[in-house]
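First, one chain by itself in structure tokens, the form predicted on its own.
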């Protein structure tokens, strides 16, 4: 989310799957959509049918590669080097969409004159604290406080000149040396992608876990966003960044803040340094953008949670919000480290199997044995709920009390999914849960009710957040359930005086007269009884094969505005203002929005995404009518985007790598990477572990395999755990297809069967032959009809500083043939 949010203003996929068919070039990089998003793949293949070039950049020849026009193998962990090479190619070959870059991005703004980038480090690096001071990353401003800019892009301190200098070393030859992509193939790739840097052309980049599961995952995404802005490919028909989420409701979970550092709608989480509501808003509200409305969104959220008790006199109960310690993070891996450190005594696990699914699995299993109590809510018994049965555990020494809550399956519960392109779709319960099983929502509502009952008689101030919490979700017609539409209405927002739903986030106020649980979803329930997530109005097909496709006159509703509800405001392609030139005329033969001069308003086949001013006017928030990225300062896309690990992405090697950094001698790995301190956090070197290992998923199984290995037909479809080994490496090691092999990293060993294949190829990296091996992640030793060793025994807990995601897509390993299987 931070990669997209820093660049564009919203942490979400920029386009809609229905629009992907309009692309001229489709790049899968960090995504194996054919296996992990097979339904979504059809829109990308529709683009191919219409003439788009489909390219798959992946270490393995995957099922997605088999559907592409072109497969480009490369070394996992070198994405920024490859994408940085494309940026350099676009600049040096004058392939950028110059008018888009000058008008719609911050490329022309001048950066602080003391900014430096030297051999892998940006100015402001503090070795002692391990953090950057970002003072020299700021823009220069004039006496009026507005940023200084050079529309010619020639000023040596403007953003464009900085990226030109920083990416100049990313030549095709250097990219080849780092990634293993032959020079000629990289140039062909660059020419194909950069040909879209012209009005009326577009490319879409598609990613998933292949980009995120790295110590520099956020910067992988940032690099693609910079390239796409230089080419003018964001907000236009067929263009964008297609962020394919890892599970059915990842986007929704993030929107509603199932993350430690955020509040619903990306409002941020206060820390101990924020002394009051006004202090928090003053320090975190982005000026000269639509975010200046943040006080309305936050105060409405506080009213939704604490109702009549939230008043202006008490800062709308701002003190009730937990405050983060400024020196700590609270991510998935921080939790398990805190358990080992004795700081966390109890754990509730809902719909997860971390004993198998988390990196450095032996560390996670050891942490479970340190708990006083563990609650697991799941469909089946799994390795987490029965961790004491795992190898190396001694039940006699474990005091953890384990409670299993039987969970309802997807067909047994009401609710909604927010899918990968921000589309919220309601689903109805088909059958009642079996036995004593309940939905996750039911458990949460019951816990809330019982906590309120428990604290009802308390007079302690610390208990007021629970005593005053609005928790009114009872269904009078069904006492054993809760009313899902009450939850949806709270998320949508309502007038606190009348109780009537608000029509959208534009109606929210900062005076306590509105309540709203998640402002970006506002409009989903605009009046009593109207649930737009449940809308199923599909536009009529305009082709014999059943597709509804765009028309040049904008007459076709190919974005299906009547189907479900996409946040924000039911927009399907966000930043669609960029699909028109500065005067409001569409760039492309496929129009999204345009300025209707006769009626003096914006119109389009999509819901226009801009402030309501004419192209030549400036809105009161300080955003021009010709600026598409309204959530960013001055409406400009963030080619320059400060994050804790830098204002621009640059290539660093993974934590475990077979080669030194061939671009920067001083700094090999990303300096802000977070690693942990325990007996389990150990690291491998290329002398002992000479091969690059990567992990991945299969269509037939889901994550740790609890749901799929329990289904006989899926278990039979892929019963055995395996390791993919390049044919050339297998010959060197004397390994034949089907042999048992032991794969070892610094953290442990697994025994699996060998799959000798041409789908992985030797790569020439740093002048040496480099081999990549691959392992799927779906097997565990206890659950399901088929079992196997846990791949995550091998993977490290080295995490990205922005989002704390682990680097499980690349680590070092060794490989040997063994006689006895696992």
Partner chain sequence: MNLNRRAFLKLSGVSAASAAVLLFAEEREALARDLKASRITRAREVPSVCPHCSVGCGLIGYVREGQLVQVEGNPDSPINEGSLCPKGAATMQFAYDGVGRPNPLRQLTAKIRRPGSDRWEEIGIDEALDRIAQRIKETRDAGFVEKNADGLVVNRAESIAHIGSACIDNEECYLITKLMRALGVVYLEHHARI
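Everything numeric in this text was worked out from a predicted model, so none of it was measured. Positions refer to the first chain, counted from 1.
The form predicted in complex with its partner chain exists for this protein as well; it is not shown, and the discussion that follows is about that form.
S.K.: Among 281-289, 575-583, 490-498, 226-234, mark the stretch whose residues have heavy atoms within 4.5 Å of its partner chain in the predicted bound form.
M.R.: Flagged stretch: 490-498.
S.K.: Its partner chain isn't shown here, but in the predicted bound form which of 731, 555, 446, 478 has a heavy atom within 4.5 Å of it?
M.R.: None of the others qualify; the residue that does is 446.
S.K.: Considering non-hydrogen atoms and a 4.5 Å limit, which listed residue (143, 544, 529, 435) is close to its partner chain in the predicted bound form?
M.R.: It is 435 that has a heavy atom within 4.5 Å of the partner.
S.K.: According to a 4.5 angstroms non-hydrogen atom cut-off, is residue 699 in contact with its partner chain in the predicted bound form?
M.R.: Yes, contact at 4.5 Å.
S.K.: So in the predicted bound form, is its partner chain close enough to residue 165 to count as touching (4.5 Å, heavy atoms)?
M.R.: Result no; residue 165 lies far from its partner chain in the predicted bound form.
S.K.: Even though its partner chain is not shown here, does residue 462 get within 4.5 Å of it in the predicted bound form, heavy atoms only?
M.R.: So residue 462 counts as contacting its partner chain.
S.K.: At 4.5 Å between heavy atoms, is residue 726 in contact with its partner chain in the predicted bound form?
M.R.: Residue 726: no contact with its partner chain in the predicted bound form.
S.K.: Across 239-259, which residues bring a heavy atom to within 4.5 Å of its partner chain in the predicted bound form?
M.R.: Residues within 4.5 Å: 244, 245, 246, 247, 248, 249, 250, 252, 253, 254, 256, 257, 258, 259.
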